[in-house]
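Next up is one chain by itself, shown in structure tokens, the form predicted alone.
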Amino acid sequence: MSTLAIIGGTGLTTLKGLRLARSETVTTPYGEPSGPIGIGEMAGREVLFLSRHGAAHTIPPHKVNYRANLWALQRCGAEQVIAVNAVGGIRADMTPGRLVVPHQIIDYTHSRVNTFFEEGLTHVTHIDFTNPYCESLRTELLAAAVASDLEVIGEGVYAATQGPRLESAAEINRLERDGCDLVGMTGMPEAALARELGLCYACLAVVANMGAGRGDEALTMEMIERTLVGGMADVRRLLEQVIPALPA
């Protein structure tokens, strides 16, 4: 089984370059994942792929079954996870189309099931979440960006908001005061659940738009989707470079 899984977000419901060998439907103790796990070969390595929002992009961020997704990927052999997320830019240099590998996260979500450790426990369990992303995998992504001649921002604080609506301009100002650099709706509880399972997890974010009140245009899904076309092409270039470089 593969040790690397890729979770595709908005704009990445399929992974071009992945030669799919089969798909596996996994039943989990936590309900159904977003879809079957694709198992195939990319850049000479076996890779798992799961579309976070479903193949037809119909599952909104607050309805994603994050526990089932992570559990199913681990059941299929994943030990490392690269999560691709479409985000809004808050910091001035995080302009549409830029790639970011965040190093920290702040959780503003609510009412989401956010842990595996809640029932049938022999003891209360707390995980260390000081550094929410796997540093070794972050380092590999940044090295692959250099090798691919791609300009990637190597640090950033990801604000995870509830969605599915976009934020108000005042909310974006608040996030900036809190120290956030980019904003998305799917970073949590995914990162924490991966840590609970012992998975090496890193985020590769694509800036789809400037945060509310930061750009000159009204935010529309059409504008976001246009930006993501080029951004996801860069994501694929980066993945093709990083996959063969990862430890077996």
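Remember, it's a predicted structure, so these values are computed and weren't measured experimentally. The first residue of the shown sequence is 1; numbering continues from there.
The same protein also has a form predicted in complex with a small molecule, omitted here; what follows describes it.
Chemist: If we define contact as a non-hydrogen atom of the residue within 4.5 angstroms of the partner, is Val87 a contact of the small molecule in the predicted bound form?
Modeler: The answer is yes: Val87 has a heavy atom within 4.5 Å of the small molecule.
Chemist: Answer for Gly184 alone: is it within 4.5 Å of the small molecule in the predicted bound form, judged on heavy atom distances?
Modeler: Yes, Gly184 sits close enough to the small molecule in the predicted bound form that at least one of its heavy atoms falls within 4.5 Å.
Chemist: Classify Asn69 as contacting or not contacting the small molecule in the predicted bound form by the rule of any non-hydrogen atom within 4.5 angstroms, answering yes or no.
Modeler: Outside the cut-off, so no.
Chemist: Please run the contact check for Ile224 against the small molecule in the predicted bound form: heavy atoms, 4.5 angstroms, yes or no?
Modeler: Within the cut-off, so yes.
Chemist: Between the options Val152, Met94, Leu141, Leu166, which residue brings a heavy atom to within 4.5 Å of the small molecule in the predicted bound form?
Modeler: That would be Leu166.
Chemist: Partner absent here, but in the predicted bound form, which of 23-31, 42-50, 190-198, 176-184 has residues with a heavy atom within 4.5 Å of the small molecule?
Modeler: Among the listed stretches, the partner-contacting one is 176-184.
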